[in-house]
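Shown below, as structure tokens, is a lone chain in the form predicted on its own; questions about how it binds or moves come after it.
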């Protein structure tokens, strides 16, 4: 006779609770927190010493007058910020920084994309051009500055030599405000071009070829394919490179220091170079700290604006 299975004798079909699953599959021990501390501790310590403490210290010093060794002496609140924002010299530095950043970001992205578009084609000897286009990644700032100083030199510079041969008027590149800004923008774009080219070249190689084949079958022109196929497909990489280039342009220092030292007539005196001048040349650490805070706020603001407005156009 078949035995009847009562509800009490049926196997339980209730799912295991989270605690039971953790008890069997994810055993957590009291000592695990020490392993986490061992792995995270060095990173947290390094960030605390070299990032978070300098940030808080800079914010603290910006509220004080300091002596020539950087120790706070008199609390003045926001007076450093008020003096800066009402100073014509600092406003000129803000304008120079805006011109420099716009020029560097625009030309770096445009030239990097054009070079990457050229290098992605399968042509004979294209490997040599790919190597040449990315070669600036291995050049240090000091070497690049010396190279461009010879290019823009008023006596032996390549540009002026070419101008002499063509009977063109000579340009005092590094001693005239306008040409000096153009010179440092060209130098910075040349320095950044290798990294931008390499990143965009990798993105272009990942674009599926069937998309181009389908567009060609539909009769789409090369320009239409570029704007409606290529750019949407590499938009995440473009967004990344534009953000990195923007932040790097705000922090440019080496080429400015070695080529123009902020001159002539403070025409290339960017915000970060003004921080260096006030802190290490003039000994005014309180004012330099306020300038650093303003620079950090501006960089954060522009980065947030990029994420708010440009990220909407990114195709993932």
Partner chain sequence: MIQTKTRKPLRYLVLILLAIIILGPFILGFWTSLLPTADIAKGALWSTHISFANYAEAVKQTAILRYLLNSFVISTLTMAAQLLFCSLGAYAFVFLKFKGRDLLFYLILATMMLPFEAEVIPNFATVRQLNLLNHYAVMVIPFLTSAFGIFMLRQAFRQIPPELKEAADVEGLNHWQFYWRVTLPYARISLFTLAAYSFLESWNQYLWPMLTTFSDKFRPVQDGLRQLQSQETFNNWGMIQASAVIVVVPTLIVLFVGQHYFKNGLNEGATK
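Residue numbers count along the first chain shown, from 1. Values in this document were obtained by computation on a predicted structure and should not be read as measured data.
Keep in mind that the form predicted together with the partner chain is not shown, yet the notes after this line are about it.
- A heavy atom within 4.5 Å of the partner chain in the predicted complex is found for one listed residue only; from 104, 193, 96, 180, this is 193.
- When you look in the predicted complex, the only residue of 246, 109, 185, 199 with a non-hydrogen atom within 4.5 Å of the partner chain is 199.
- Within this chain, residue 131 lines the site of the partner chain in the predicted complex, having a heavy atom no more than 4.5 Å away.
- The partner chain in the predicted complex is approached by residue 203, whose closest heavy atom lies within 4.5 angstroms of it.
- Proximity of residue 258 to the partner chain in the predicted complex: non-hydrogen atoms within 4.5 Å are present.
- Although the partner is absent here, residue 150 lies within 4.5 Å of the partner chain in the predicted complex, judged by heavy atoms.
- Residues from 35-52 that approach the partner chain in the predicted complex with a non-hydrogen atom closer than or equal to 4.5 Å are 35, 36, 38, 39, 40, 42, 43, 44, 46, 47, 49, 50, 51, 52, in the order they occur in the chain.
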